[in-house]
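Just one chain follows, in the form predicted on its own, and it is written as structure tokens.
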Amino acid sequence: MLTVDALDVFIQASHILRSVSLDVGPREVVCLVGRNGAGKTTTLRTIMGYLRPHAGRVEFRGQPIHGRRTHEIAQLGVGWAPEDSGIFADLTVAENIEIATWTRSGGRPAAERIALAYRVFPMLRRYAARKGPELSGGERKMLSIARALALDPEMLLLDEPFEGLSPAIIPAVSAGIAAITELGHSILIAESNIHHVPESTRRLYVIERGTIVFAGAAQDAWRDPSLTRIIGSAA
């Protein structure tokens, strides 16, 4: 479904990604794990069109999307939940979720998509009239993912969905991601803590200094001492 092939990305004069390649298949959960600054967010932002690669390609459902505008990529069916949540502070929870149905107007009816977002994160229904500044960090994370889900995407990109969350809220976010997985969406998660990688993850990529240094099953990564130093320090 998603193919990232030999991406090279520069930010100003800094060479951030070096020949990064990964794949996410239909109904598959894939995690990109690495330390802070390793290139995880840059990879997802490049897929989503916020950054243009110097070299390489990104394809979604067989279509090249590198170089396309972010809203065009969203309209193709890629939902995005950024690390900072990116919710609209002046809008209520209900309005933040509803706005995704305007971005991609095709597919299932808007009311059905909104209902699904609340079903996956039922806590948000209680806060439907609250605005962004009235939410906790965990609630903003859930809202960001719920808004991406209301787009009715085939794939979701989740950047550090557990970053900075209190232990009390992590189970609710985990349950929501598990529910999305059961719905059959493909998911690519960028994660700095190996212990937050969902059990449903089919494949794990480890990125270090902008380079993919491992691709395979999570249990195989733990068997490699050189990788253990990376993913252990990332946790």
Partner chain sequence: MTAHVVNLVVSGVFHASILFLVSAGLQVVFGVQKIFNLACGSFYALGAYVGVSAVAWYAEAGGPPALFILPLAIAGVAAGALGVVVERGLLRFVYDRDETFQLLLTFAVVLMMEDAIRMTWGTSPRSTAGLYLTYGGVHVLGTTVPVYNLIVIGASLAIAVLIGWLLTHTAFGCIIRASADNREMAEALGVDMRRLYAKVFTLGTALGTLGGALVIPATAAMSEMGIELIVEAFAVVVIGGLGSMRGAFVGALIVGVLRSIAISVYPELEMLLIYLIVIAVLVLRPRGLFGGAPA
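From a predicted model like this one, the values you see are computed outputs, not experimental measurements. Residue numbers count along the first chain shown, from 1.
Only in words, not in the display: the form predicted in complex with the partner chain, which the text now covers.
S.K.: I need to confirm a contact call. Of I114, L165, L156, I87, which residue comes within 4.5 Å of the partner chain in the model of the complex, counting heavy atoms only?
M.R.: It is I87 that has a heavy atom within 4.5 Å of the partner.
S.K.: So which of V120, A74, L124, L135 reaches within 4.5 angstroms of the partner chain in the model of the complex, heavy atom to heavy atom?
M.R.: Checking each option against the partner chain in the model of the complex, the one that comes within 4.5 Å is A74.
S.K.: Give a yes or no on whether each residue among Y50, L91 and R147 has a heavy atom within 4.5 Å of the partner chain in the model of the complex.
M.R.: Checking in the model of the complex: Y50, L91 and R147 are all within 4.5 Å of the partner chain.
S.K.: Given the stretches 200-208, 168-176, 65-73, 25-33, which is the single one in contact with the partner chain in the model of the complex, using a heavy atom cutoff of 4.5 Å?
M.R.: After filtering at 4.5 Å, what remains is 65-73.
S.K.: Do I99 and the partner chain share at least one heavy atom pair within 4.5 Å in the model of the complex?
M.R.: Looking in the model of the complex, residue contacts with the partner chain include I99, since a heavy atom lies within 4.5 Å.
S.K.: Residue-level contact is defined here as any heavy atom of the residue lying within 4.5 Å of the partner chain in the model of the complex; does H196 satisfy this criterion?
M.R.: No, H196 stays farther than 4.5 Å from the partner chain in the model of the complex.
S.K.: Does H185 reach the partner chain in the model of the complex if we count a contact as any heavy atom within 4.5 Å?
M.R.: So H185 does not count as contacting the partner chain.
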